[in-house]
Ligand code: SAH
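So this first bit is one chain, no partners, the form predicted on its own, shown in structure tokens.
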């Protein structure tokens, strides 16, 4: 190791920062987060730092000396940072601090440092520091960003609860190896998942119950452990519109710990590949008038798997609560006393419209947006047409491909002009995305000519005019020549 990784307690202790620019401001913000008292030495301050100093003066956290650095500024300092643009001043600070054996960091000059400022993942009280020893700060920041995606913010709360129960666990388990096994089980089991899901009261009650069971003896503990762990949990996760990079951090974490995944037709293969490799996979896809598994059977399957002790990932395209029937599934789970979590996903309307360069609202074109489903349970299209046919409004239609002619005809019959811009997006956000731009009058025929197939999303409104100007996503598969011409003609 080139450096010894340590953590310093600088709460209410004096730290010196020499420099008044933007780099110094970033270092000062970090020291303030750690609770330090700071003396700034610099003839001038940048605007950002001037505001920072003014905000902290009343709290007696910062002292500012508008002067050049001298050795006497090091008096009582426990840590020094030199962040000036003058290499001579930086060297002077480093040498003076070295003579007094005070830890010193000179920004962007490892040779003058006695310690390195790492890239930090802050999950207080958990802290993770990443350092390249000054060789590549950018690489350290990239690694930190990767860790940020893997470590939920709730790990801080998890550590706080562990601290709260630490002494009680010590009293319950006199032998260190038993304490270790207990905490390993707790911090990787239902207790941790409850904390991650924000169910803090349930998590505390669960841990209290485990300790009570342990107090009643080994036999009672064993029975208690079985009673607590015999039932699994269901994770109702929105997989987004198709692009794996649109998954949330929380969705990724739950996908990696599920025992079995029940997934829909709209979940892309790329997303399914991100589920834990050894998880069992059950396909529950539904197409119009063609259901591999009826919704009632899916509900029953989730209950059965959870009662078998499985961690069940219910993976649904888009968002589970926007035309995804997620509400029906959790109603069944709740009635059966099954624990569940819901993880929102980016709905197709937001994802597909963004990738197509169509803002759903825009001050000049639309002040409201409405989502509707293109077919009902009996396959009909029977919507509130007067409500939909309002000016300055964007209409987004899910599952509307087969009913597109009826949709366009009814909107025109209820007052929207035939030239009202309209778009249809097939397989939005994926490399197979296709976008057709037309009007209420022309879009049905354009769609037939292009041989579009589900899944599609229909967007009606003046905002569609912005497609040609704002589209930024270029899928790997090009539009057919005819479609490209149609885009130009109707944009």
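Residue numbers count along the first chain shown, from 1. The shown structure was predicted, so the numbers you read here are calculated from the model rather than taken from an experiment.
Missing here is the form predicted in complex with this ligand; even so, the following discussion is about that form.
Checklist entry - Using a 4.5 Å cut on heavy atoms, which of 284, 404, 80, 266 is close to this ligand in the model of the complex? => result The residue in contact is 266.
Item to check | Contacting member of 398, 115, 340, 365, with respect to this ligand in the model of the complex [4.5 Å, heavy atom] | outcome: Only one listed residue qualifies here, and that residue is 398.
Item to check | All of 324, 348 and 456 within 4.5 Å of this ligand in the model of the complex, heavy atom check | outcome: Result yes, every residue of the spot touches this ligand.
Checklist entry - Which one, 427 to 435, 46 to 54, 30 to 38, 62 to 70, holds residues whose non-hydrogen atoms are within 4.5 Å of this ligand in the model of the complex? => result Residues of 427 to 435 come within 4.5 Å of the partner.
Next on the checklist: residue 233 versus this ligand, in the model of the complex: is there a non-hydrogen atom within 4.5 Å?
Outcome noted: It does not: once this ligand is placed as it appears in the model of the complex, residue 233 has no heavy atom within 4.5 Å of it.
Checklist entry - Taking the shortest heavy atom distance, is residue 193 within 4.5 Å of this ligand in the model of the complex? => result Answer no; every heavy atom of residue 193 is more than 4.5 Å from this ligand in the model of the complex.
Checklist entry - Would residue 319 show up as a contact with this ligand in the model of the complex if we use heavy atoms at 4.5 Å? => result Yes, residue 319 sits close enough to this ligand in the model of the complex that at least one of its heavy atoms falls within 4.5 Å.
Checklist entry - Judged by heavy atom distances of 4.5 Å or less, which residues of 132 to 152 approach this ligand in the model of the complex? => result Sequence-ordered list is empty.
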